[in-house]
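This document starts with one chain, in the form predicted alone, laid out as structure tokens.
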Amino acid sequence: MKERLNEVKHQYEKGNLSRRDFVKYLGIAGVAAGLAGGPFGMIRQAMAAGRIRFDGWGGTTSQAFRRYAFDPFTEATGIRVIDGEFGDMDSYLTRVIASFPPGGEFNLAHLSGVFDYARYVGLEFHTKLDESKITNLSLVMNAMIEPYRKITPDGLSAVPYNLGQTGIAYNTKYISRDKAENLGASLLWDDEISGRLGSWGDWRTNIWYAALHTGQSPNDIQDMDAVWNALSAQVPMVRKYWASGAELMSLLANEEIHATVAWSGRVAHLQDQGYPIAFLAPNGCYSWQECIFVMKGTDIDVAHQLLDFMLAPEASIAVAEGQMYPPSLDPSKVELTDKIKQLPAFDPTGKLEGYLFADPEYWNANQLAWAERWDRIRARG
């Protein structure tokens, strides 16, 4: 029994066994052995230290979480936060679905967009948080909480954490500000930067900007043929479809590309490092909010502790300055720093009026057909 328990503990610590299955085994082993001390007691002691897994976007974003939230949380509670990374939302969801039981090895995830929240709820991967145990949630903008309440009126399965925009980054050595502002979204179809254009591989982002380029509302596209034609024409112009924030920053910093769709926080990092990269938020700029989603089966008490710790102004502001995305904290309730007030996508009112977010019902309803069509168009390029 002792050897088997030690092996189970070893596999759990290596990450080869989910917390749920580990706890299940401990329960079975404890009942079978009829003991509370010995090796079982030893493993219970190991469990007391606790741990929870968090998956995020990697790079500078993960570094900010690690330095300003996870390490201080572990120091305060003794609970370890295990980092995981993903490059895009669809591939991560595939991994979550493929885990056994589905979602079982994952706990918390830094999900992007309300539509992702709706997808996870639709798959019944959600849980129900006890908001009374996340007191700092009262400091968060109502405008960021309400979209989630509409999807799960009986209880949240996530807390909003930050917001940002996917706008257009361009190198001011090669593209003037006047030209960029005059062309807006159509800068991404400018013949003069053909071959020096970048884009994210994400189907939503490309369709969103093709909608803007063709004069349509991204949340109510009436002429999809125009969108597909625009994307087909753009593919040969694109030098590289980047797959991560780190790759986006490298392509811009090394001047391999002169313009691309880009995440506002990553552009802010490049500007902070002295690169001549400007951020354009054209009319209809793709705005989004990110949340910390809690998977079904997660140790909910530990999740409450971590979420409340992360939303505390001290941690939230530090993480925001580190990842360079505005926090979800309401500026009318919390005094934010000058650095945050200067970040792209920051809204001093806390009401987010005029920001265009993706309609989750609209985009999720078209996901399969549009993602497949986008893959075919990109492959032909």
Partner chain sequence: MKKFNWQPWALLAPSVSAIFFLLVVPVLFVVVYSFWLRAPTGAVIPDFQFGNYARFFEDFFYPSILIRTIRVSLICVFLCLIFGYIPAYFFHRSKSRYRQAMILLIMLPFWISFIIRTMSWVNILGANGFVNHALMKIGLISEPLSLLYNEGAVLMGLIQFLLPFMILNIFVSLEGIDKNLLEAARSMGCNEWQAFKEVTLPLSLPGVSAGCLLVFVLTAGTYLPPMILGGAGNEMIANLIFNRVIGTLDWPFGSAISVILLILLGTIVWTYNRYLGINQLFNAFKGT
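Fair warning: this is a prediction, and the values are worked out from it, not measured in the lab. Positions refer to the first chain, counted from 1.
Here the subject shifts to the form predicted in complex with the partner chain, a form of this protein not shown in this document.
- For the options Glu255, Asp272, Asp83, Asp71, the residue carrying a heavy atom within 4.5 angstroms of the partner chain in the model of the complex is Glu255.
- For the candidate set Gln222, Ser91, Thr172, Ser138, a heavy atom within 4.5 Å of the partner chain in the model of the complex is found for exactly one residue, namely Ser91.
- For the candidate spot formed by Ala98, Gln367 and Ala371, every residue has a non-hydrogen atom within 4.5 angstroms of the partner chain in the model of the complex.
- Exactly one of the stretches 205-213, 276-284, 156-164, 246-254 approaches the partner chain in the model of the complex with heavy atoms within 4.5 Å, and it is 246-254.
- Within this chain, Trp189 is remote from the site of the partner chain in the model of the complex, having no heavy atom within 4.5 Å.
- Contact annotation: Ala230 falls outside 4.5 Å of the partner chain in the model of the complex, judged by heavy atom distances.
- Looking at Lys296, you'd find every heavy atom of it more than 4.5 angstroms from the partner chain in the model of the complex.
- Residue contact check for His304: none of its heavy atoms lie within 4.5 Å of the partner chain in the model of the complex.
- Shown here without the partner chain, the chain has Val235, Arg239, Lys240, Tyr241 in 229-249 lying with a heavy atom within 4.5 Å of that partner in the model of the complex.
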